[in-house]
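Coming up is one lone chain in structure tokens, specifically the form predicted on its own.
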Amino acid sequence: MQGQQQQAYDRGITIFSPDGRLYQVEYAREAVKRGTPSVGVRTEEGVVLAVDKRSRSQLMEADSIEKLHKVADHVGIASAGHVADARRLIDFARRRAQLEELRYEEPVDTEVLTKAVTDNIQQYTQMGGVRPFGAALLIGGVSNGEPRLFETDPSGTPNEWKAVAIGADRSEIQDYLEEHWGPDLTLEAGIELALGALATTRDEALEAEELAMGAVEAETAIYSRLGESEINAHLEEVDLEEDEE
């Protein structure tokens, strides 16, 4: 009898278990943990987003793996978990950013955009016939000259961070970030911190073609992607630092 009740709570997204849990939301969090990691780092000079986009096969085109996206001129998003779910949320974020800019004739605030996305996510935790999004997002941007970095959860909860990881091996990467992050980081140091964090869970060396990185500078409030040559240059700096240690 108890097993049948457990199954009912598992299947019903709108039903709380007796101990106050929504099992489908917890399963969505597990889906996020199965995705390759993404890292965000906030510095005084801007926000850095870095993603591991290793492919399942050497025959797969690396450029077809989409985990890092431009949402507005001043906002970028990195994802972990189900890529298709993340793309749906990113499309929503783009439409919302365009709507806000048309309505108010100014770029959307990063926090306002994040809360609009998480409100949308939350709706999928209380409606029958749907399931929660099996993806988490890192939303990085600059608003009024201030770098901001937010994480979204499958429950629809937004959290702001100085540095954060989502996806596989989150706890190990988060430990690295907590140990090495500092309030006086430059944007360049933030890029190298993100790369060093991703490297902590890899047995082999990081390769530029397996990574994607973007940054939003506080001075310009413009999101830009780093090219492979730029990532390689920063990887060399990270390797040198590790050798010195």
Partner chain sequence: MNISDPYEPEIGTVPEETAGSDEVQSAKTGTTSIGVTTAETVVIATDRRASLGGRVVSNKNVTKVEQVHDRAALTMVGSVGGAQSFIRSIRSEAKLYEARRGKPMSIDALGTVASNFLRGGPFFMINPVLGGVDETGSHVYSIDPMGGLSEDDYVVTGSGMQFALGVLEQEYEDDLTHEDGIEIATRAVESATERDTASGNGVTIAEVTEDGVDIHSHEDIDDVLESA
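Positions refer to the first chain, counted from 1. The structure displayed is predicted, hence computed values, not measured ones.
A second form of this protein, the form predicted in complex with the partner chain, is not displayed here; the remarks below concern that form.
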{"query": "Non-hydrogen atom within 4.5 angstroms of the partner chain in the predicted complex for each of R95, L99 and L102", "finding": "yes"}
{"query": "The partner chain contact at H180 in the predicted complex, heavy atom, 4.5 Å", "finding": "no"}
{"query": "Touches the partner chain in the predicted complex: K70 (any heavy atom, 4.5 Å)", "finding": "yes"}
{"query": "In the predicted complex, D119 touching the partner chain (heavy atom, 4.5 Å)", "finding": "no"}
{"query": "The partner chain in the predicted complex: contacting segment from 170-178, 155-163, 102-110, 129-137, heavy atom within 4.5 Å", "finding": "102-110"}
